[in-house]
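Presented as structure tokens, the chain that follows is alone, the form predicted on its own.
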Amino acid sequence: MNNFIFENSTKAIFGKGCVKEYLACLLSHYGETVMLAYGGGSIKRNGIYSEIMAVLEKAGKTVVEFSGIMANPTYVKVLDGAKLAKESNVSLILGVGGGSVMDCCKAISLAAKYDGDIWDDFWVQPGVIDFEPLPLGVIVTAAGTGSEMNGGAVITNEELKIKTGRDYPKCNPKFALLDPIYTYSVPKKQMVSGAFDTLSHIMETYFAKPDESNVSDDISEALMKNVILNIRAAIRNPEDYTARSNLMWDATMAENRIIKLGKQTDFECHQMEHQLGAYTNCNHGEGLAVLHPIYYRHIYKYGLTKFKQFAIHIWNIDPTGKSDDEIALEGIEALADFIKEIGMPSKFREIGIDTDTDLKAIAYSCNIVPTAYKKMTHEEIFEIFKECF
């Protein structure tokens, strides 16, 4: 394993009823005014809003609401939130939702305490945060991104058509409350999409050096098998508590930095999907589902040992009498078959990307990941995009 330093400052509180049991105590560490941030209002329809507001009111907090956070949060929305937080003298942001809400709130927490342009200083290129962002707590209602236990935030600059993410440990939420029952009301399509995003995060970490036996890859294999098993279970019964709780913690484990320790990572598929999202606003998990098998067919020879291992350990491919290439490709096909089995798309046209989309412009706007098994060129990304039709 490569050298590493590990720290995670987020306190995660997991389980049924955790919001009612722990939120009031957590709030006592912060000032009077809380900014309650959320998305399109589903939390008002499913009762989560009322439950949280009851706790806030009993704790004597002044609540400032910031709603309408979109699926691909924009830089303009971040600036709106920061303006409200400053004007209202907010002492804590409480983000309630999935990855988009959490990502937006992290960027708001930074912008609310910074006088410069956070896009130029922290998203265009990595920056150094030498101040304390506004404290943030999160309540997760949709599992998938794992944003609850890291400082990562993916933001879209609509004017520049750039969707990019940075991970700053100082932006980690102070606390994360994870009640699997809060995810029950998430529509099946969104649940499956989020769970596939979790699987994608694990694969993007797994398919990179070192290839020698290491703890991080062994944990990743266990997580991948668990995600696959529990997606199937949650599709059969959306209120299977065991399945939903496993998927929720799988998402957290995929992105709390543990499986990245001692590892390089790939995340080229994420870079490609981010730019597709910036140009087309496509669903993140669905975009990844289309990209992964095709991308892996392009790179598997450069990480053959790991792709063979993936086929045997994750998909139970019988290696008898087969070449390493044949085994690896069977594993990729098993992934593609699973994507179809769970109802995810396998072609761009299934997610609303049509022939009028300027795929070449999108391809040439993608970041290139230097630590992937095969370093892509923009032309090869364009070829992958064309194959995705």
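All of these numbers come straight from a predicted model, not from anything done at the bench. Just count from 1 along the sequence shown to find any residue number.
What follows is about the form predicted together with 5,6-dihydroxy-NADP (NZQ), which we do not show.
- In summary, the region of this chain contacting 5,6-dihydroxy-NADP (NZQ) in the predicted bound form, judged by heavy atoms within 4.5 Å and restricted to 71 to 79, 289 to 297, 114 to 122, 216 to 224, corresponds to 71 to 79.
- When contacts are defined as a non-hydrogen atom within 4.5 Å, all of 142, 150 and 182 contact 5,6-dihydroxy-NADP (NZQ) in the predicted bound form.
- Just one of 154, 231, 85, 177 comes within 4.5 Å of 5,6-dihydroxy-NADP (NZQ) in the predicted bound form, counting any heavy atom, and that one is 154.
- This chain is displayed alone, yet in the predicted bound form one of 262, 319, 126, 187 has a heavy atom within 4.5 Å of 5,6-dihydroxy-NADP (NZQ); that residue is 187.
- Proximity of residue 284 to 5,6-dihydroxy-NADP (NZQ) in the predicted bound form: non-hydrogen atoms within 4.5 Å are present.
- Using a 4.5 Å cutoff between non-hydrogen atoms, residue 100 counts as a contact of 5,6-dihydroxy-NADP (NZQ) in the predicted bound form.
- Under a 4.5 angstroms non-hydrogen atom cutoff, 5,6-dihydroxy-NADP (NZQ) in the predicted bound form has residue 270 among its neighbouring residues.
- 5,6-dihydroxy-NADP (NZQ) is not drawn, but in the predicted bound form it has a heavy atom within 4.5 Å of residue 41.
- Shown without its partner, the chain has 197, 201 in segment 197 to 216 as residues with a non-hydrogen atom within 4.5 angstroms of 5,6-dihydroxy-NADP (NZQ) in the predicted bound form.
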